[in-house]
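Only one chain comes next, encoded as structure tokens, the form predicted alone.
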């Protein structure tokens, strides 16, 4: 497919981003198309706030040479007008905590592999995004009720192919908590994160958080082919890519869906689910498995990590030190914001030897991470304990692929480790 053709300039972007950030590393991309770097160290997932220099980056087109003085955001569809960056500065601002996760996070854990970017678990991070509430802007243009409509955001990044990067979210979500962000962790928005303005959709997969926003269109439906008053293919990134389906399937095009909860769609609400709300997920940050650990005087080793569930709250996190055979409850602590991950901690009574540590989170609806990723032939048949293998490798949240192998050395008090 021409849209997925190689892009040689991505290598220059990756090298620059890695050099500038310092806390990320490149990720293998089978399509050789995407600019992708992820957190370089597992210990990044032991802290609540992800530094900009360790936050993952993923985009398909070149970073535009944006000038904040001349950049405008067009308002189209049911709202007509335009906004300069100076205009945005006249609105009140808010700061929102958002755990951004690439919808392809975990793609590299599928067996057999799917194509494109082979993420492990490194494509997730929590930042503070500061900007103007979308509802403040739209209400100025007479849009103050969702009425079943959709907001389509279009990126201003130029494409080598004949397509436009456009994503639609329900207008109800946009009016609820979405932000046109101009700052990240208190700093001006970096270019690779969408400078000068990015749509931030708290609790939803990164693909919905459109960078370099060029147009906001209020529509009756999700974006379809020929939805936009501009040349090029309009619906690829909404109706074709970032859909969850078995191998060899062409997803049906929908005007709307009854639920944007990704897990509800996977369970059968939508035949070929869209990637909107993030599935429940967790990652252990410490110990990181890079070096042996020694128990403390009380014979325990601290296990710490993060868990998140999109629009839903994390209700419970459990830890296993035997590869998932037995489980114990961890403690949730630290900041508790809608759309952002929670820290968890467990004092593990560790014995000397090699151990496989796993974490699994459960959300407030009682949905728990599945143990593994199924095979291509399984599809939805093994949902109780397996995440559906899908052709795009999207929205995976299985426990076993994210486990960490830890070597425990005997402590100074031999009775505490035997």
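Here the structure is a predicted model, which means the values were calculated and not measured. Numbering follows the first chain given and starts at 1.
Unshown form predicted in complex with a small molecule; subsequent notes refer to it.
Distance check, residue 60 to the small molecule in the predicted complex, heavy atom within 4.5 Å:
Judged by the heavy-atom cut-off of 4.5 Å, residue 60 is in contact with the small molecule in the predicted complex.
I'd like to know whether residue 264 contacts the small molecule in the predicted complex, with contact meaning heavy atoms within 4.5 angstroms.
Residue 264: no, not in contact with the small molecule in the predicted complex.
Taking any heavy atom pair closer than or equal to 4.5 Å as contact, tell me whether residue 348 reaches the small molecule in the predicted complex.
Although the small molecule is absent here, residue 348 would stay clear of it in the predicted complex, with no heavy atoms inside 4.5 Å.
Looking at the partner-bound form in the predicted complex, is residue 209 within 4.5 Å of the small molecule by any heavy atom?
It does: once the small molecule is placed as it appears in the predicted complex, residue 209 has a heavy atom within 4.5 Å of it.
Out of the stretches listed (84 to 92, 323 to 331, 280 to 288, 157 to 165), which one is close to the small molecule in the predicted complex, meaning heavy atoms within 4.5 Å?
Heavy atoms within 4.5 Å of the small molecule in the predicted complex occur in 157 to 165.
Within 4.5 Å of the small molecule in the predicted complex: all of 135, 141 and 215, by heavy atom?
No, the candidate spot makes no contact with the small molecule.
Ok, 342, 193, 110, 149: which has a heavy atom sitting within 4.5 Å of the small molecule in the predicted complex?
By the 4.5 Å criterion, the partner-contacting residue is 193.
Name the residue from 243, 234, 198, 173 that puts a heavy atom within 4.5 Å of the small molecule in the predicted complex.
Among 243, 234, 198, 173, a heavy atom within 4.5 Å of the small molecule in the predicted complex occurs only for 198.
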